[in-house]
Structure formats: C-alpha cells, structure tokens
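Single chain ahead, by itself, as structure tokens, in the form predicted alone.
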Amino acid sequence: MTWLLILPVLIPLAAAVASMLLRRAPRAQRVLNVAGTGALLVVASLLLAGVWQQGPQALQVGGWTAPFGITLVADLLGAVMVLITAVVGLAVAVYGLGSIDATRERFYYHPLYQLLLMGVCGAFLTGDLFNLYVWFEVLLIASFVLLVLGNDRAQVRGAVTYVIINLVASLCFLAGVGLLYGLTGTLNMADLSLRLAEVDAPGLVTAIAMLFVIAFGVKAAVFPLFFWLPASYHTPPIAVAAVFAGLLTKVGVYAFLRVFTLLFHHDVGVTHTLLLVVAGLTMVTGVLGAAAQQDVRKILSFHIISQIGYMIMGLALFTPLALVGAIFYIVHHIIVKANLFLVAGVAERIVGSFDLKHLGGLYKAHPWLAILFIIPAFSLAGFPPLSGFWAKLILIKAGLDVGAYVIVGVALVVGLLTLFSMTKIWNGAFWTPLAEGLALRPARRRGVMLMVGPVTVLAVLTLVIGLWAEPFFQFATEAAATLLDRTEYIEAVLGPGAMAATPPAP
C-alpha cells in the first residue's frame, strides 16, 4: 500500500494542472476542484486504514535507499492529518461554489486551492527535513496568491505582512536545516533521530532547536510571533479564510509535534519548558485580542491563536496523555474553526456584513443558522459533550497529573473567556434585533444552499467526535504512543533493526 503515499500529492497537482488548462471553462474548473478534493478524501481514508492495520508506511521515491533519497512516510499522526485536510478541503471546495466570485475564478482560484492542499499534504507526509521546508514554501506561495486575489487594499496590506514574516521564518528554518546537516550529515528525519542521539554537544543541539522554535512558532502563530495572523486572515473571501484558519497554522503545530518528539527530545527541561511558557502566553494574548474585536472574522482569527496554545501545551507537557490531548485537540479544532468561518460567511451573505454592529436578527429569521453556529461555538468553548470539551479535559487532566497547576489555571480561564467571545457573537449576530435601518437581504437560494451543506456536515462531525469520543481517544492514544516510542517510525523508513543501537527514549 506504499503507493498510496504519493497520491495525496499527485491528485491535487493533477487537478491544479488540469484546471489551469481549462482556464476558459469555469464550470469544468469547479467540477475538477470538487472531484479532485473528493478523490483526495478517498485516498486519505485508504491510507489511514492501511496505517492503522499495518503500522507506519514509507515510500522511497525513485527507489533510492533512505536516507539518500526523498522519503514519504505516514504514521497515524501524518495519516489522520491528511484525512482531516481532505475533509475540510472538500467542505470548503463545495462551499466555494456558492461564495467565490467569477473574477477570482478567472485568476486561478481553483488551481491555487489545489496547490495549497498539495503543499499541506506534502508537509504531513514528508520524511525529510529539507523537503518539509520545501512544502512550507509551496504553502507560502499558494496562500499568498490566494490572499491577494481580488486586489483589495486590505488584502494586499495583510498579505505583505503575512509574506514578510513567513519569509523570516523560512530563513530561520533554512538556517536550522543547514546547521543540522553540517552537524550530522543527513536531513532524513528518521536518520537524524539516530544521529542526534550520538552528538556529544547537547548545548549546540539545543541552540539549533531554538531556530526551529522560531520558524515553527511563526507558522503556528504562537506568542509573540502571531501578529501577522489577525492582520491578514480577515481580508480574503471567507472560503479562503476558512481553509487558512483550519489548516495552515496546524501545519506549524504538526511540525512542532514531529520535530520535538522525533529529533529534539534530549533537553526537555529547556525546550519543552520554553514551549510551556509560550503556550500559556499564546492562550492569554489570543483570547484577550478576541475579546476586544467587533468584526466576527477578527474575533475568530484571534481565537485561532488562543487555541494553538492548547495544542502547544500538550507537546510541552510531554507526557503520553498530554500528547493524546494535543492530537485530539488538533483534529477537533481544524473542523470547528473552519466551520465557524463558514458560518460567518453564511451570515454575511444574508445580512451583508461581518461587523457585529450591523448584524442581528438571525435567530428569528434563520433559526437553522443559529443551531449551526451554536454547535462549533460551544465546542470551541469546551461545552460538554462536544468535541472541544473532551480535548480540553484530556489536557487539563494531563497537566494536573504532573502538577502543572499554573498552565491548567490559564487553560481554564481562557476557556471561560472563549465562552465570553462566542456569547458576544451570539448576542450581536443572532439574539439582538437587527439595527434600525438595516434589513435582512433576500438570501440567494442556490448560493446559500451550497454554503449551508458543508457547514452542516462539519457540525455533524463535531457532534460525532463529542458524542462518540472513545474511539477517537483510542486513536489519539495510539498516535501519541508512536510519537513517543519512535521505533516503528524509524524502522519503517530505515528498515528493521535500525533502532538496535539507539539509546532509549527519555
């Protein structure tokens, strides 16, 4: 089944190329966008099923033996990230049929969307640190162009901030890659895990790790490197903002999880303690920023930041249960956050604004939309029995188990403030009567129905994860065990017996 590993990259690439060739046929581009993402979902499901049954799988591209060639590898974490990318990607692709205008379609929206998905899947499947850098650059290019499509002044301003800060992160990433190669002579992550264990210069390895903290910190939007996100994520069309909110920062979180469990685990007292402080500050600054906003997109953008803090908290605590919580939280948050942006887009289509001052009356006029908002909003805040409750509960339990009472207290307070922000949106958009002089616009039926369908599916998934949390918890437990053990991952890439001479994990 190793051939499945290349398909999550090839399918979006093929769809992007075909869409470019059909530039003058917008209907065909729309079909290709949805069909390509649907095919990605099928392949991702097969890949996850295969990894669950057979363990981590690796493909040596071109037949070159690791660590000399390009390696694609999928363990449970990588496979589930590809699957959730396909789920959200398909939902947003369908949603975009009702929300993306013809001008953006003419300027390659559909090919760029597929290239973005290709970059995300490549980052989740690569087994080589330099190729992780390459996939980050693919993401940066595709997302930058998607961000500026439409040539609105706010879009351009936000995109400039976005690309400059991410280029700085890329330089830090490339510097770290170069130093690691000079130190070990390899960039294959499985091989690096073995080589770094033999390096008799822990201080130097820790210094290199700090470069990756900066690089991944920008990508994941952690404190104090997050300011580019709220400056840019509210500017593009809501379909683009939703896929950005759901997926892009999670690529940075995934990189943190992969690199700081597989490579940099020699000095947990320094690296992971730093990450724990960063996690707490990220939670607090993100939720306070959200509380100060009136634009729904800006509120949701700041909440991306605060929720990233919970995921980094799980990595920083570095216990099996904490990593379970981090993985559970990532899956939950990708679905919930993308869905909240999509709900905001439906509300804007009906009322004509994202500003809470100009919203209102939606509960009375469209109660179905109120229900679709409550499910992801309450999940984000951690209401039982929704998915966010279980994700937070696992992390709180993990923190209490190791006596990390400060970060647990921060997480609980931030959860309450998150509820405040969601209540603020509820009161402003749904419960408060529409302001005098404003009127609900007649909903364009075709567009709204295409937009509501994906929102409903993602809301149902949120309910499923919450009401049947046990199998998802067991899956996250297996994925966390693979991250901590590392044996299966390394031997899938380098062959059986590769761990024979490796020191045990700390």
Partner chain sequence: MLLAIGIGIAAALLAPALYRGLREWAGWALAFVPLCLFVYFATFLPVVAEGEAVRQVTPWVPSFGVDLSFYLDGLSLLFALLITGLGTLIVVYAGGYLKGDAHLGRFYLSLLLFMSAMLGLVLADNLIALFVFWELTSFSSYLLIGYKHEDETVRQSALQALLVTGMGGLALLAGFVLLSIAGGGTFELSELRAQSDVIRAHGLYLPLFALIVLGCFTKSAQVPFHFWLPNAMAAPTPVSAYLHSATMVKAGIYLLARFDGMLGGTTAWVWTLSVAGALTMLLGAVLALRHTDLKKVLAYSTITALGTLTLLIGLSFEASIKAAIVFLIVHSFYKGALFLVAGSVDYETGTRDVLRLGGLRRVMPVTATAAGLAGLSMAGLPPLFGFVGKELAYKAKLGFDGADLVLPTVAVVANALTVAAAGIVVLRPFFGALRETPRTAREAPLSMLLGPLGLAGMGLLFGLLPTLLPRTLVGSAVTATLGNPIEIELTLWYGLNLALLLSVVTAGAGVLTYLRWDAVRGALARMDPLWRRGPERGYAVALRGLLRLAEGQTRLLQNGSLRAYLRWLVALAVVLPGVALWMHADALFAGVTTAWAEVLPHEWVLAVLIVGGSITVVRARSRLLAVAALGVVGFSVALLFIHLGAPDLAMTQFLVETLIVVIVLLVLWRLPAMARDARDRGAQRVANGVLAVGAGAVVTALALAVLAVPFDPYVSTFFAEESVASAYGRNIVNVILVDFRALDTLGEITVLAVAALGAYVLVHVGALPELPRVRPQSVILRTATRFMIALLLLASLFLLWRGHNEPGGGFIGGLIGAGAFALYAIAFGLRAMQQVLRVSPRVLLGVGLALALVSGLFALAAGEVFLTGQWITVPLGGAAAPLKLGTPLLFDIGVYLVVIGFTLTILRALEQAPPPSAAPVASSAS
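In this text the structure is predicted, and so the values were computed from the model without any measurement. Numbering follows the first chain given and starts at 1.
Separately, the form predicted in complex with its partner chain exists; it is not shown, and the next lines address it.
Residues of just one listed stretch (48-56, 472-480, 452-460, 30-38) have heavy atoms within 4.5 Å of its partner chain in the predicted complex: 472-480.
With a 4.5 Å cutoff on heavy atoms, G289 counts as touching its partner chain in the predicted complex. Put simply, T432 is close to its partner chain in the predicted complex: some heavy atom of it is within 4.5 Å. Heavy atoms of G158 reach within 4.5 Å of its partner chain in the predicted complex, making it an interface residue. Under a 4.5 angstroms non-hydrogen atom cutoff, its partner chain in the predicted complex lacks V42 among its neighbouring residues. For the candidate set V406, L183, A197, V268, a heavy atom within 4.5 Å of its partner chain in the predicted complex is found for exactly one residue, namely L183. Proximity to its partner chain in the predicted complex, defined as a heavy atom within 4.5 Å, holds among F318, F383, F354, F260 only for F383. The partner is not shown here, but in the predicted complex the stretch 222-257 reaches within 4.5 angstroms of its partner chain through a heavy atom at F223, P224, L225, F226, F227, P230, A231.
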